[in-house]
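This document opens with one chain alone, in structure tokens, the form predicted alone.
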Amino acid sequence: MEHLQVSVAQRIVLESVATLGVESVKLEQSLGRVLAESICANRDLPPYDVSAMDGFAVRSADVMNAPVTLEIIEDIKAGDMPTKIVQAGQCSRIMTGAPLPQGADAVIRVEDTQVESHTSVQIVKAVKCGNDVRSQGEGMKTGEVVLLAGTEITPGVIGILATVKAAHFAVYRRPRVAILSTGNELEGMDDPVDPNKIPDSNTYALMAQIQALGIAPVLLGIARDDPIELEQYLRRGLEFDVLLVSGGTSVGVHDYVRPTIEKLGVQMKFWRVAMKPGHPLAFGTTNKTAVFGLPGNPVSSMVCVEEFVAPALRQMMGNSRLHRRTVEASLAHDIKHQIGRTEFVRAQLTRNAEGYVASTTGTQSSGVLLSMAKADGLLIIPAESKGLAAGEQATVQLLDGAVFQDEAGFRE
């Protein structure tokens, strides 16, 4: 297979995964999910004209020639209903959120008045009809669609759902994700420390990336470089919606992942992408599972999750914003680059008067996980670039774990 451009590989992945089914959730358990139904308002909000400020409900015609003195006929608190009609020369003391009394058409803020007695107030400012009044239905109207299907549920959306008293509603299902590491050289978390082994960091770094998407993955453990054992692990992994296999996708004589998953019926879509790090990425599908063969080097594996796995999982959950947000940054120093592969450089961001400034986190070896731990984002060097000079603008894909955007945001 040819080495695909990143954008082509991303497109193949997204064309290969579909939004999952629908389930009902409680409001309290819905944060981060995506609505699978539209939500309508069950009332006008506010239910009547209300005051937007503490002050006095007046007839705007009475204050055209302010200053004027008006008679206070009642006090109206939020939750009260007015009992008197405001006539010429009168007003009602009113609190924020309280209903506007009949006859009044505007509100004067308390700071624009001088109280003369318990029963009279001097208005020192003229206002027009509707001043500091929130009209009935300004926030929402009965039957109006307030949230469309496909809306990601954020804290603000939770507030709307609570307002319309949506205690249960339909959301798209979260994918079931399994993570498997492979290799005789790996040392498990519960294994005794062996200086001749490599700690299995991939399982847990990948776990955290998936958890950041609101998904609780299942950790399958470590499969050794034995075709029979690997097949047993892979069979279990293929029961999930998505299987992430770390290591074993290169071309060595003991890299068994590709031939084994093909034996188990996985149709390979591509193997190898023109990117650095992450070149040996493999991707395939069965009729129920998307399988990502991730590189064994920890940084390569994490970068591949950012560029391919995270967008796929978000699409499966019904999201429309699939890719990490990007910003433009000025380079703090030169960065060398060899033409041919899109490179994702781990970078830290600072700000100056002109905007963001990007500097690398040090060595860009795909085996040095500290370079990823220190990174604010991935600085994108296009495949055709001969390198970037200090002061030049570059695109940085943020690694903040929460903010996404519609497009990948970089060119190759």
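Note that residue numbering follows the sequence shown and begins at 1. The structure displayed is predicted, hence computed values, not measured ones.
Absent from the display: the form predicted together with adenosine monophosphate. The rest refers to it.
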property: Adenosine monophosphate in the predicted bound form: contacting segment from 86 to 94, 290 to 298, 99 to 107, 149 to 157, heavy atom within 4.5 Å; result: 290 to 298
property: Heavy atom of P311 within 4.5 Å of adenosine monophosphate in the predicted bound form; result: no
property: A208: touches adenosine monophosphate in the predicted bound form, heavy atom cutoff 4.5 angstroms; result: no
property: Interface membership of P199, adenosine monophosphate in the predicted bound form, 4.5 Å heavy atom rule; result: yes
property: 4.5 Å heavy atom contact, T342 to adenosine monophosphate in the predicted bound form; result: no
property: Partner-contacting position among G237, P175, P277, G247 - heavy atom within 4.5 Å of adenosine monophosphate in the predicted bound form; result: G247
property: In the predicted bound form, the residue from E138, E185, D191, E229 that sits within 4.5 Å of adenosine monophosphate by heavy atoms; result: E185
